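Single chain ahead, written as structure tokens, the form predicted on its own.
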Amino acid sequence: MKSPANCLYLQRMNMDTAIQYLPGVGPKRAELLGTELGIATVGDLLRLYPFRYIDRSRIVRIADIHPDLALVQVRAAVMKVRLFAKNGAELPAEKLKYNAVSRLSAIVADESGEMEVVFFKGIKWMHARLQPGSVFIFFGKPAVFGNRLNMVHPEVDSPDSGNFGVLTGVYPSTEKLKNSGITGKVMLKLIGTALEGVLPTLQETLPDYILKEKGLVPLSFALRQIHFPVDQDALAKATYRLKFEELFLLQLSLLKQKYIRSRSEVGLRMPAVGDAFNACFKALPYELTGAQKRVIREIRDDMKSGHQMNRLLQGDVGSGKTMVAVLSALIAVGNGYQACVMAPTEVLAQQHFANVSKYLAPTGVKVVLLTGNTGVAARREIHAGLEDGSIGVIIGTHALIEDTVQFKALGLAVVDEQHRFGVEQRSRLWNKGSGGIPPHVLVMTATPIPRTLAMTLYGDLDVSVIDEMPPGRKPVQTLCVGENKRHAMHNFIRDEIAKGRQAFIVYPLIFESEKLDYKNLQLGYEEIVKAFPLPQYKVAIVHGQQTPQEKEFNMSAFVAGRANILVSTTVIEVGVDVPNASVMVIESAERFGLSQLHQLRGRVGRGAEKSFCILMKGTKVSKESQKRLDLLCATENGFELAEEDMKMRGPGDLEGTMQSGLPVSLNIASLAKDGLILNDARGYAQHILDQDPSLEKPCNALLAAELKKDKYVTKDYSKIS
């Protein structure tokens, strides 16, 4: 029976009530729930959903049980109870001392057969409870011991307890929570109390018309059934409602911000194409692909619209994103503005500079490079050229965002591999726009992002995709081999070097501090140096424990062709362009994700010669890892691989998303599994905003209120955070 104080608490409770005031919690448990699961309010607790359910809706006959089954439930009568000492001797029931008992064994039976239940703890209490002739529901994992079917420490409930005949949720937990007594049963009890207090006054989050049009159950029904489902049908309805709501509100928030920005954010109007663009375009030694032309048209439409462009350009490795960036920069120059390209590393910036300089040669547009290693005199000259407008295009690293770098009229900012830059760093670049108006922004990434993830990570941006490879680019032949082929792999590299080619050998130094990984890299390097000795071969090494100067020196030696082999960690994953490299060897390939393997493979195949990617796998490879390796051998389509990678590993692990983070945390929906719901939710959100862009109509008051909550307004997406 509840105390009057508890009843009073429950009457005053709502979703925003601090969790410590929920009966059964208190300050100590509240602190634990906060640190371990991020639960601060009653609403947070109710939005902590089960990750699986134990089905206690079915009674299994003892005769049908076998040890391969998972958890099962039997209804059986106690036939006989015995107690045993540590030495295995049976103890007499009379003059019993419980401290001498180490095991309780009970034979229980239904109409089909009998089995044993065994307890090593709580023996005194269980002995008093399991009286011969009494009937219980026993729930546990079946096993066989000494040719007898048994259950060790099953849950024991009376047939009228209410635990039988239900689907029971299993919640996320930690060792700290379990050790502090917050078990699964305790969580269920707390959630039951929270529902009792909140549901009578719970406010719906979606308008009635949405519930009717989309066939959704009310929130109160969904919350009760997600935690305490009466059957599978009720659980399915509750799950769908909560997933749709989560994805719909997220997309509504992103699309609304995109709409507001497109209407209110003034952009630099660039109506002309310009002579420099035409000169560069006519001088191209090859025809642009249809995808490149389409993307340039999309960018051009943005730049002449009078609104700020915020566009994400996705393109697989080698699809020609740099050429698109160059022509976009020349549109800015042709309208009297300047353009900058920011790259995450010095090597990548130098590479962009070399390529852009080549493309701009026929145009007369001045292009410069600014990095941390640019000398004082050269830096002074660059600063002056930017301020007087004589420099049209600048390529650089983080050096571009220094306060001393000022533009006469910055019109376009291109950011390569944007997830390598922090929000604050990028916003400092936008603030350098002409006349206080932010520049147009083009974000480029070679990391293929699955469509569902792109819609969420960049849902408020316009997305362009180059989904066509330039003609003449040869496919990279991908092979997966074991340790027994190492000698053959070395011979193959020697043959390629003899033809004048170069090779990458990459090790999975996943965390730079891992001693084991570092040791593997060093041992691998020593092995390669022995197999490829001086003076015939030169081997360079690059890893994260080197100084930036060491890294740049060794990388540059390989790029320039002074080294035949580059042994490295994944620092070479993005952007490094060595057309002469024809072999990529990935050691312990099973330790990488699909997207990362694909990025590494993209470092070769950039020249005219046939290239190869050799996946060296360890002796023990899981089925899932082997599936990844087989997929990589089967296709070169980065978007296909990214979709598969997300299905296998979940969105949070994809490269780039760990740094960027999802705009809001998803409690129940999965970007990997709920693509259909996401598409429906986004389309429906767009439909609502088309009719009521500011959500001002009375029928949308609930939606407007939801979007004002902290989780939807914490980030300024207009600056691509």
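Quick caveat: nothing in here was measured; it's all calculated off a predicted structure. Each residue number is its position in the shown sequence, starting from 1.
The protein also exists as the form predicted together with a small molecule; that form is not presented, and the subsequent description refers to it.
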Selected contact from 302, 246, 316, 636, since only one has a non-hydrogen atom within 4.5 angstroms of the small molecule in the predicted bound form:
316
Could you check which residue among 375, 133, 471, 435 gets a heavy atom within 4.5 Å of the small molecule in the predicted bound form?
471
Mind telling me which stretch in 537 to 545, 627 to 635, 288 to 296, 381 to 389 gets its heavy atoms within 4.5 Å of the small molecule in the predicted bound form?
288 to 296
Is residue 311 part of the interface with the small molecule in the predicted bound form - any heavy atom within 4.5 Å?
no
Can any non-hydrogen atom of residue 193 be found within 4.5 angstroms of the small molecule in the predicted bound form?
no
Residue 320, heavy atom within 4.5 angstroms of the small molecule in the predicted bound form:
yes
In the predicted bound form, does residue 591 have a heavy atom within 4.5 Å of the small molecule?
no
